[in-house]
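Have a look below at one chain only, the form predicted alone, in structure tokens format.
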Amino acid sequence: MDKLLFQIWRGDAGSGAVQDYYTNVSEGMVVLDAIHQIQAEQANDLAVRWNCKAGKCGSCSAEINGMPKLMCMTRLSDLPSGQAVLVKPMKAFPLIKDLVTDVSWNYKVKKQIKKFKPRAPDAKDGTWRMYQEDIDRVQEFRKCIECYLCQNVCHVLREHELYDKFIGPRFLIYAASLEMHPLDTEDRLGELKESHGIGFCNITKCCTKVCPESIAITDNGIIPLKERVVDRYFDPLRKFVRWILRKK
């Protein structure tokens, strides 16, 4: 066994600092293993959120060596050999204690998005029919585990703190999963343009890079939503038609 230095943020919303902990590491360990070991042996009051330890619950999100990652899916062997491992809480959300942040804002945002509204079933036999490619497209978005790493890395939230104007990439993907569903009939474009703030996204793809489920957030979700908003509200021909209709 080798000893490795872990520099872990300790503190709350009032104050805090990075503290050093040396712990034994062995082959196959992930960052969360080391955090649990330090918690058990050296820092019993270390606060850390986790659940499944299988990369499917999204609970153990943190910033490891400056990069947003899931602690349970980050192997120590994939980090620079022999170097200290810096573990800090997500920056985009209020700090509760140590590595635990308050992500409740995300749940409030989700409630603002119009729910699924299915079209009527086929009049002939009372069923719905969909093409497989439409199902596959929506299924990609449903892989999201709500780890909020994409929210954390988004500069609109992280740096500019536009929480009251922008719902973030996770919920643009949620909106896309509804908007692109072959059975959905609800209209969300007005909200996407105004209260959901899709125009603030400048498609840097930073959200796509950190997604542990490899969802093409920008290319397959946000850009198609932007195109729909542009087609309705900024296409000159459509604007002219709306102007004519208002005149009548």
Partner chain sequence: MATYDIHNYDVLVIGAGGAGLRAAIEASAQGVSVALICKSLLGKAHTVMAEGGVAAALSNVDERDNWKVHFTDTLRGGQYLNNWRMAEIHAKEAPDRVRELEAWGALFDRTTDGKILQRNFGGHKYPRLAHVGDRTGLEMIRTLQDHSIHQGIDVHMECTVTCLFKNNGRISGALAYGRDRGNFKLFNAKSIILATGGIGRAFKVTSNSWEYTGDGQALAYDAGAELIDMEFVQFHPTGMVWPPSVKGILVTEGVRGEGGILLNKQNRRFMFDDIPELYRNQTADNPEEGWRYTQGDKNARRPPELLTRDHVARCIVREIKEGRGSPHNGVFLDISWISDKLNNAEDHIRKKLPSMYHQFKKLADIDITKEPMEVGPTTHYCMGGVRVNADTQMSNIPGLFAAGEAAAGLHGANRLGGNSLSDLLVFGKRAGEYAAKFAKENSQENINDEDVRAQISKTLAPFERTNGENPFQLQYDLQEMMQNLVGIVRTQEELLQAKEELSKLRSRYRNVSIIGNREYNAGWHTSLDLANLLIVSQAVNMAAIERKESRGAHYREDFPNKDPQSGTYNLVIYKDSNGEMQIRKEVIPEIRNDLKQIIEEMK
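Take the two forms, find the largest set of C-alpha atoms that superpose within 1.5 Å, and that set is the rigid core. Residue numbers count along the first chain shown, from 1. Since this is a predicted model, take the numbers as computed values, not measurements.
Another form exists, predicted in complex with its partner chain; not displayed. Remarks below refer to it.
- Within 4.5 Å of any heavy atom of its partner chain in the predicted complex lies no heavy atom of Phe93.
- Using a 4.5 angstroms threshold between heavy atoms, Gly58 counts as touching its partner chain in the predicted complex.
- In the predicted complex, none of the heavy atoms of Leu157 sits within 4.5 Å of a heavy atom of its partner chain.
- Taking the partner from the other structure, its partner chain in the predicted complex has no heavy atom within 4.5 Å of any heavy atom of Ile222.
- Residues Glu27, Gly28, Met29, Val30, Asp33, Gln39, Ala40 of 18-41 are found to place at least one heavy atom within 4.5 Å of its partner chain in the predicted complex.
- Annotation for Pro94: C-alpha shift under 2 angstroms between this form and the one not shown, rigid core superposed.
- Fitting the two forms on the rigid core leaves the C-alpha of Asp122 displaced by at least 2 angstroms between this form and the one not shown.
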